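Have a look below at one chain only, the form predicted alone, in structure tokens format.
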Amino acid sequence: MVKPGKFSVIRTVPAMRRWAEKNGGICGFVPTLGALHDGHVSLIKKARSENRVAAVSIFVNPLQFRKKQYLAYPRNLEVDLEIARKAGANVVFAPSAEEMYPAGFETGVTLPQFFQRLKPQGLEWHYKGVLVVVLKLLQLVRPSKVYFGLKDPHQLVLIERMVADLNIPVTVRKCPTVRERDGLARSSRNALLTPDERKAAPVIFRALSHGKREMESGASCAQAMAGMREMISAQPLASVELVEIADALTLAPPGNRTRDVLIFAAVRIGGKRLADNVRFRLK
């Protein structure tokens, strides 16, 4: 168990800058939307074990949600602060939307060209919002390392590309997805599921695992994806939004030389969008 150190909560940009002047270069940073769960705890513990201090942000970013989703996102700051403290965080940055985006804010981030192949998801606006807030947070916290789970591979690849292109002096640390016993990836959105929807949700991981077994047995990408769609569609509360197989390093369609494979699924369970993936190496 990580031994907690001195713990503080920061609410304003100037105060966060002052903290970063003293601690940024020795800091491991975990950006979150709040509604902390065991996946976040594993990231915080990793950050604390690899750095002298660990920082966490708790901020529901309005730029990456539609208004209805933003208002519905689970929030319980006091519970989150206690979870972060026990996991070993030294500081939590928990600003308001007005603090992060004051009147007149309008600067954005352009998505790289390779992302255009992902347009069928219709989420360009979402990932632009993610990159804006991550860039702002990295500028404010100034960590030496930043920690992300592998659950959203598109977000992770975009952040890595932004860090490289903009020469941001931080190391991106990728950590394994934490799962429930039935395989469902830990996510803050799971709290929005009804009991019946929660029972249905593990079909996503079962389908991903099926696709992995199929490809390891020599099936084509098309065959593996067809089997996954069929499995998900057989669950009455689930509907397939996107299933894809890609090179895990580039998100490009896999080729003859691809060895690191990513299988990704975005599924609506009772109308709530859940995404997950598995990664493996072909022999």
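Sequential numbering from 1, following the sequence displayed. Here the structure is a predicted model, which is why all the values come from computation and not from measurement.
One more form of this protein, predicted together with a small molecule, exists but is not displayed; see below.
For a quick test of understanding: in the model of the complex, does each of 32, 64 and 155 have a heavy atom within 4.5 Å of the small molecule?
Looking in the model of the complex, the three residues 32, 64 and 155 all sit within 4.5 Å of the small molecule (heavy atoms).
Pick from 195 to 203, 76 to 84, 175 to 183, 133 to 141: which stretch has non-hydrogen atoms within 4.5 Å of the small molecule in the model of the complex?
One stretch meets the cut-off, namely 133 to 141.
Could you tell me if residue 115 has a non-hydrogen atom within 4.5 Å of the small molecule in the model of the complex?
Although the small molecule is absent here, residue 115 would stay clear of it in the model of the complex, with no heavy atoms inside 4.5 Å.
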